[in-house]
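As structure tokens, one chain now follows by itself in the form predicted alone.
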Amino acid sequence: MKYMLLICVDDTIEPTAADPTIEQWLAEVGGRRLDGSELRSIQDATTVRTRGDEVLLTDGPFAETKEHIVGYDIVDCADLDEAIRIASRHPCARFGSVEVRPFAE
């Protein structure tokens, strides 16, 4: 089953030198990671809404929150438990969160 990992961070919490690196996590996950990428800053985001025939644009992310999405990973796992284990080992889970969502296949 494929899962999307939405990687979120809180900019007020800094990672420590003791935290695992993304390279260590990638080596651990191996071939189960199918794709992933870091996203540009929330200052580069544009939110698009269509109401009737009007297209509404807003600079910035879709919601005002402490945490914001900084990247994603797509993993192929046997089940949700394995996806949660992989997400829990992601370096950003230590100073942010990783939302795990199954694809609707």
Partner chain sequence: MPVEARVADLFRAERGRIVATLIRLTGDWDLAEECVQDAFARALECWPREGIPLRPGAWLTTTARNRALDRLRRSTVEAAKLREVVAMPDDDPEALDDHGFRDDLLRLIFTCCHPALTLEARVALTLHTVTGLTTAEIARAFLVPEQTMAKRLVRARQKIRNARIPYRVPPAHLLPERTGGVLGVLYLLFNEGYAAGAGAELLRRNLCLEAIRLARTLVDLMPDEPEAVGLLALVLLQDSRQAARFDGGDLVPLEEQDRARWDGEQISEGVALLDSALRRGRPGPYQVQAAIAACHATAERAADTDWPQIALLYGELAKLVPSPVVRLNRAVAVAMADGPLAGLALVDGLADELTGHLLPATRADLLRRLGRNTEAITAYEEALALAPTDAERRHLARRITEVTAVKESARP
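The structure presented is a predicted model; accordingly, all values stated were derived computationally and were not measured. Numbering follows the first chain given and starts at 1.
Missing here is the form predicted in complex with its partner chain; even so, the following discussion is about that form.
- Distance criterion of 4.5 Å from any heavy atom to its partner chain in the model of the complex singles out 78 from the list 57, 34, 27, 78.
- Taking non-hydrogen atoms only, residue 1 approaches its partner chain to within 4.5 angstroms in the model of the complex.
- Within 4.5 Å of any heavy atom of its partner chain in the model of the complex lies no heavy atom of residue 22.
- Along 16-52, not one residue places a heavy atom within 4.5 Å of its partner chain in the model of the complex.
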